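Here you get one chain, nothing else, as structure tokens; it is the form predicted on its own.
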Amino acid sequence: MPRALFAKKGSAIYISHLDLMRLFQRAFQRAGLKLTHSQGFNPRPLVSIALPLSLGVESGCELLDFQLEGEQIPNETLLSRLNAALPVGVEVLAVYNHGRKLKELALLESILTLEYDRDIPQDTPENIRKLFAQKTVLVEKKGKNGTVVQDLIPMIKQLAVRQISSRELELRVLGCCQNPTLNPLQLCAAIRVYLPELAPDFTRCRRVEIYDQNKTIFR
């Protein structure tokens, strides 16, 4: 089954996961690429995205698996035809075969940019480091089955904090992305709970890379 590496940026970050799935299905149609469908009473196109992306999050490391009917088409042709059919902000970076099993995907590296309307207090980076150096940091998470309480610490493998301007902080986090999954935006939720005086006025999030358990880039 072919796999596509794609990026989502600009205004496209506000496309929801379900709408992104529909967008790709329509892009295959516009590109004249016929997707294979599942069997049964309600056939569905065989296309899937490895890790659903939260609304408003930018990424340059998304994976799309798909299966086409008919003769095999060169990957370079698939890439160019798909990109011609996709909107601005969604771009296929590579198409390749024999991708690794998704169960081997373990770690996600993300960058959070915390923006403040005022100058950041001098000790803010150190206080945030101390927060995530604690043994336990509990945060509520809303899901399909209601609200649950998560401990973020076991899911954080690496965390770096640096000030990039008088009103901006950068958090680079390497966290679990499967069983359990760390949503990087939960770090901002923790700051609001434990350090409310240091809560940012706006947050941007970008997925940087995905890895296996040995921190080898996953493709």
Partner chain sequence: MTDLKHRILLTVQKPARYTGGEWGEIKKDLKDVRVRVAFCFPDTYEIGMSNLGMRILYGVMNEMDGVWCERVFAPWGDMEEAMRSHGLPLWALESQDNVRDFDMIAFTIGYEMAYSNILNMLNLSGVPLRSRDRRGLKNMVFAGGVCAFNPEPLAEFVDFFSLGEGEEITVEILSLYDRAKGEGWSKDAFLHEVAKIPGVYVPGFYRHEYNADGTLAAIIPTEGAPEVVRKRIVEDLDQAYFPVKMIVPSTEIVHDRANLEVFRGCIRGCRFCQAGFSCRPVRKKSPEVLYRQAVQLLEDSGNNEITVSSLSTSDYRGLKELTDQLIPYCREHRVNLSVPSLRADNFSRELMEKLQTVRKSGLTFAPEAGTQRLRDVINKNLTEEEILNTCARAFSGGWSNVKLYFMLGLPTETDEDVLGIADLVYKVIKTWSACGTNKKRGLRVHVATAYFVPKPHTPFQWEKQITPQEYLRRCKLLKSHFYSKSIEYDYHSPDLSRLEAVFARGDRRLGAVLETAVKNGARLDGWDEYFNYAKWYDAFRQCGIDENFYTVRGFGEEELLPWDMIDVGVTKEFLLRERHRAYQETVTPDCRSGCAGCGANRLLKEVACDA
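Numbering follows the first chain given and starts at 1. This one's a predicted model, so the numbers in the text were calculated from it and none came from an experiment.
Omitted from view is the form predicted in complex with its partner chain, to which the following refers.
Between the options 115, 140, 104, 76, the residue in contact with its partner chain in the predicted bound form by a heavy atom within 4.5 angstroms is 115. The partner is absent here; in the predicted bound form, the one residue of 52, 154, 43, 180 having a heavy atom within 4.5 Å of its partner chain is 43. Three-residue candidate spot 125, 158 and 171; no residue lies within 4.5 angstroms of its partner chain in the predicted bound form by any non-hydrogen atom. Although the partner is absent here, residue 23 sits close enough that one of its heavy atoms falls within 4.5 Å of its partner chain in the predicted bound form.
In the predicted bound form, at least one heavy atom of residue 87 sits within 4.5 Å of its partner chain.
Contact between residue 204 and its partner chain in the predicted bound form is found at the 4.5 Å heavy atom cutoff.
Within this chain, residue 208 is remote from the site of its partner chain in the predicted bound form, having no heavy atom within 4.5 Å. Only one of 189 to 197, 52 to 60, 146 to 154, 172 to 180 places residue heavy atoms within 4.5 angstroms of its partner chain in the predicted bound form, namely 52 to 60.
Taking its partner chain as positioned in the predicted bound form, the residues of 8 to 31 that bring a heavy atom within 4.5 Å of it are, in sequence order, 11, 14, 15, 19, 22, 23, 26, 29, 30.
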